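First, one chain by itself: the form predicted alone, in structure tokens.
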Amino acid sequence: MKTRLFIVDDHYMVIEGIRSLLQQEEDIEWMGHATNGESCLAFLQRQEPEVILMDISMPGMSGIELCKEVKSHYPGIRILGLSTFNQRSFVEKMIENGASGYVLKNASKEELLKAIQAAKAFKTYLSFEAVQGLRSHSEKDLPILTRREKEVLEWIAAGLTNLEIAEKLFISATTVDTHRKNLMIKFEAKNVAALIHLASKAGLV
């Protein structure tokens, strides 16, 4: 069975490049392309590909937002993030939003086919560079915390309020709140649950 493939990218040269790479492949059925999120969603109302190669950086709706939108309405479609960057945050956000993998635009035909086959089989495929991007985070990009921030973080993870932490550490609740805000900024966390999750992943709590 041929894999029904669709591509979303705002650069026509990229679309043409990938199409010319794959057009002779007997296992691929080329369904077409879109140059932005809106036209992709309009296409999906008419036809449903199995795999979408999705650019991350597009004007208007980004690939990260589009991935989430597509997966919420068409959970059966597999999405492969496509980018010139192996930036950790891009890789993580695409996977969090339901992508089946992440491939760089300099990928060989063999790697593209491998990624498409993996996605079709409901497996995850990350290019070597994407894995390196994720690794670099765990090794180098951990936020540097002060001794006091580490103490506050541990008590936050234990579920204590600002006032309770203040009593434990013999500091004011306002100071605890300042440390809490600094921790949220350092971990790029939107709320306490995300903060604890990220700190736990980093092995800090």
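Because the structure is a prediction, the values reported are computed rather than measured. Residue numbers here begin at 1 and follow the sequence given. Think of the rigid core as the biggest set of C-alphas that the two forms share within 1.5 Å after superposition.
Unshown form predicted in complex with the DNA; subsequent notes refer to it.
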Can you check whether Ile18 is within 4.5 Å of the DNA in the predicted complex, heavy atom basis?
no
Hey, in the predicted complex, does Ser57 get a heavy atom within 4.5 angstroms of the DNA?
no
Contact between Arg148 and the DNA in the predicted complex at 4.5 Å, heavy atoms?
yes
May I ask you to check whether Thr174 falls inside a 4.5 Å heavy atom distance of the DNA in the predicted complex?
yes
Answer among 47 to 55, 65 to 73, 165 to 173, 30 to 38 for heavy atoms within 4.5 Å of the DNA in the predicted complex: the stretch 165 to 173
The single option of Val14, Met184, Ile196, Leu22 touching the DNA in the predicted complex, heavy atom within 4.5 Å
Met184
If you apply a 4.5 angstroms heavy atom cut-off, which residues in 178 to 193 are near the DNA in the predicted complex?
Thr178, His179, Arg180, Lys181, Met184, Lys190, Asn191, Val192
Any chance the CA of Glu69 moves 2 angstroms or more between the shown form and the other one, core superposed?
no
For Trp30, state whether the C-alpha moves by 2 Å or more between the shown form and the other one after rigid core superposition.
no
Rigid core superposed, CA of Leu21 - does it shift 2 Å or more between the shown form and the other one?
no
CA-CA separation of Ser57 and Leu195, closer or farther in the predicted complex than in the form shown [shift of 3 angstroms or more]:
closer
